[in-house]
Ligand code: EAX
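Next up is one chain by itself, shown in structure tokens, the form predicted alone.
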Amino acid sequence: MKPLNFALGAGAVALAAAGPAAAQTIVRVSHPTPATSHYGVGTQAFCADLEKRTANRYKCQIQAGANDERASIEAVQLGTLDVTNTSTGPVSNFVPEVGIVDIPFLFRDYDHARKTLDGPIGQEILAKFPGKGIIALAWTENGFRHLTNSKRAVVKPDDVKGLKVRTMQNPVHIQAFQSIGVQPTPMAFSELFTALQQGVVDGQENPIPVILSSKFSQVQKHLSLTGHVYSPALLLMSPALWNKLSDADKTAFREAAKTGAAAQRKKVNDDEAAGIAQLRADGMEVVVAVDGNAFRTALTPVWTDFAKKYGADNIRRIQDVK
């Protein structure tokens, strides 16, 4: 595991100011993408709101483009990082129940996904985290994932066979891709651009905001709007800091997390509205008319496996959210 590059050492650091009443605690926060990305916007909004709600008794130090998401989650568990804004990609390795939200073609659209996660189902999943040594403050957002590659246009499942595609360290995603002939290649996000540039992998899959902010148009020719998975994200916090908070400060952290989530979702909306035109202008060839029904049919066998693993009733409960 790569160490996170914070010079402050373990735990939150209390800095003496004018006196005991003015003591300030530094909250170390990471996210995986550039500061201008949706993760950056959401994290900055969370921090600004937290500082305002606590009269600057808590002050964020943000690390954008943190080493990798799994390392960040482990650091949160250990207490060497206070908060991370992470996709759900590696989270199911820590809290297996989260894997249900990564099932391909589970969510109809953004409205369906957001209502599910903000409602009882999403809150029940968040309640699983403390038992694994993590505090889940709120669902944020990554977006619907689309496929890019340097080899060919992808319209139907046969087009992806043999492609070596970087995936997250997520067993649901890996199994789904393997079932349709992709060679899934898990690797840290921080290594992805170079891997695409050098041809170590042919492609990757991410939401439009990530494709934009990471400048993948420089190393990928083809974008297919597969929308194969809705990718939520999470603001996760270390119990080492959480357990020191007063009830009022715990409320401040949770409310600030909601503010961050709203800002992150808005940035996803804005990027998607303008992003495809920008990627075309950057030279990408975009396939809009992807055969979604063919992909759903091809993934039927793994859906059967997911129903056994996560419970058919639980999947149906998500599908039934209106």
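All figures in this text were calculated on a predicted structure; none of them were measured in a lab. So that there is no doubt, residue numbering starts at 1 and follows the sequence shown.
Note that the form predicted in complex with the named molecule isn't included here; everything after this is about it.
- With the partner omitted here, the stretch from 137 to 145, 151 to 159, 73 to 81, 243 to 251 that lies within 4.5 Å of the named molecule by heavy atoms in the predicted bound form is 137 to 145.
- For the options Phe189, Phe177, Phe129, Phe107, the residue carrying a heavy atom within 4.5 angstroms of the named molecule in the predicted bound form is Phe189.
- Only one of the listed residues (Met168, Val172, Met237, Leu223) places a non-hydrogen atom within 4.5 angstroms of the named molecule in the predicted bound form, and that residue is Met168.
- In the predicted bound form, the named molecule sits within 4.5 Å of a heavy atom of Pro32.
- Phe46 falls outside the set of residues with a heavy atom inside 4.5 Å of the named molecule in the predicted bound form.
- In the predicted bound form, at least one heavy atom of Val210 sits within 4.5 Å of a heavy atom of the named molecule.
- Of the residues in 75 to 89, only Ser87 comes within 4.5 Å of the named molecule in the predicted bound form through at least one heavy atom.
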